[in-house]
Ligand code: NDP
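Encoded as structure tokens, the following chain is the form predicted alone, with no partner shown.
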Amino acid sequence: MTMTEQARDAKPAAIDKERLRLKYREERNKRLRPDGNDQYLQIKGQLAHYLEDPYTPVVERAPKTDHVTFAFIGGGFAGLATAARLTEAGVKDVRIVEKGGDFGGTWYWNRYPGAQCDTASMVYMPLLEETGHMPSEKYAHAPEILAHCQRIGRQFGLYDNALFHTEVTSLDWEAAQSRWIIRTTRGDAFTAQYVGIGTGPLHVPKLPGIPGIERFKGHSFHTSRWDYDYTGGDPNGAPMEKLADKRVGIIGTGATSVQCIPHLARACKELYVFQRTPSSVDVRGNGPIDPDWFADIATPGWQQRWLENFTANQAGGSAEEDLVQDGWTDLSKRIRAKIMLLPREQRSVENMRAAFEDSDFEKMEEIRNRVDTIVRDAGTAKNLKAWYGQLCKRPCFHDAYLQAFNTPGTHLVDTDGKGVEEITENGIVVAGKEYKLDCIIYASGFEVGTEYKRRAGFDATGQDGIKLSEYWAEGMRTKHGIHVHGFPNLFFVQPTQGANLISNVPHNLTEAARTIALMVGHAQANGFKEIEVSREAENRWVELLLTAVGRMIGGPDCTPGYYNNEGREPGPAAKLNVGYPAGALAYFKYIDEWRRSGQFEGVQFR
């Protein structure tokens, strides 16, 4: 029996809900800042070296001035899944434009020690059935995920036409020819009949806006550009032997730190973990996947069944079994069980929210109690406890993170919600005390809540010269999160205004890929040149989205983080950052029926 199962089966102690609400508010208020996302630095100018690619040298090439049927911006899961489905639909000239040196997206950049997916591999890694790949572990590590991305690229012939180390600078609709003109940082000016955008939220690194960040004279890097030349070791987990005599500081205690700190703790002479807000860290329970078991379950359609089962368990469905059995589905099943105890006439939104809160309080008490059972130093254990709802920040699951703080030489520097005070030539200052360091590692994450154009790196100019940034000035407007009126033959592959399933983003991407490939195939077969959603259909979809009752993830009462705009009051546009009102499972069912009908309601072919 696992620790989580023991905790669940034990008779729960009475929970003082009002005390917890007060504690959560107190801890949240410590961390509120008026600058929100502006507290982070955009990496440019003097800091631009933090963006350099340490993994793949840039290969010189001539600019492209040709034409392709479909160009996709972004070489991560969104681009790979869409390109694969288009290839299956008979579109042979798909070009992926990617700023990294290979396919992978966030998995190209994130090669820090210990990196792995935090949603089960069987539902997280796309196109497993199509490629015949069996994940080696329940939660695959980064090298395997990157290799899988490369496998998709090879199997579907996507390398020959790809442009790596290339960023789009402009995207302009040429109405006379019904095509897009794409310009890039490598001097390219090629055209495409269709364009897909899958730039994602986790590819633009950010740095904390700490005074003196540019003054440090030791070594420093961002976790998405891990410097193995300095640390020794490699992404496969080889010991970082070059840190044996080094004093290393790491800023940030989110999902990245939870994974890499156990490795740093073993390697460094002294490791200082600078914490503003602790993560909630539940049991991961990782382990190898048994080939014989996999052979039994890997019957035709197996991955789609697993995807639907995970979503049914995690996002409001009523599945009779739980194939994945992880922390995501555990909380959802608890909530559902409490709701089912209510008489049907009492299952109001208010009562269901109360059931959610009760379940979350119980779960978070278990997670906080887990800290005490693992961390030997009482003061350290106290500071590692997360005082907020589990879905206020990205939940973490790990079996070695808390244990790392029992390692001699590993020190938690808790800042009581204030963050680091200053960076000097020699180290980091917290509460007036300087910690002298040889190296600073920034585990400060990626830009999520910043303007879309800033994260994408370009604007799109559609019909009649309208800019996407102008059209979305008051909030995102789409149908299905895919189509935008005034921007024909342009497709977005991302979760918002669709299923908005945050626990397993690839499910959103693979469904969008199916939809796009079917529509492009339909257009090609019938001689259509343009695909565009009507204004009326887009308006109806946005009106439908606004009937949603609100979100359970990253609510306004949560501690600051990227789920809730760093605790800052969201602007009017944020009300459109929502999903299908009936939930993710209902959306996936709806979109499957929508595309299977062949009518493509609301979308015009011409």
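From a predicted model like this one, the values you see are computed outputs, not experimental measurements. All residue numbers are counted from 1 along the displayed sequence.
From this point on, the text means the form predicted together with the named molecule, which you will not see here.
Residues within 4.5 angstroms of the named molecule in the model of the complex, judged by any non-hydrogen atom, belong to 273 to 281 and to none of the other stretches in 273 to 281, 485 to 493, 340 to 348, 298 to 306. Judged against the named molecule in the model of the complex with a 4.5 angstroms heavy atom cut-off, the residues 112, 117 and 255 are in contact without exception. By the criterion of a heavy atom within 4.5 Å, residue 230 is excluded from the residues contacting the named molecule in the model of the complex. Residue 481 falls outside the set of residues with a heavy atom inside 4.5 Å of the named molecule in the model of the complex.
None of the heavy atoms of residue 427 is located within 4.5 Å of the named molecule in the model of the complex. Heavy atoms of residue 580 never reach within 4.5 Å of the named molecule in the model of the complex, leaving it off the interface.
Screening 313, 504, 510, 259 for any heavy atom within 4.5 Å of the named molecule in the model of the complex leaves a single hit, 259. Exactly one listed residue, out of 148, 398, 393, 179, brings a non-hydrogen atom to within 4.5 Å of the named molecule in the model of the complex: 393. With contact defined as any non-hydrogen atom lying within 4.5 angstroms of the named molecule in the model of the complex, the contacting residues in 427 to 446 are 443, 444, 445, 446, given in sequence order.
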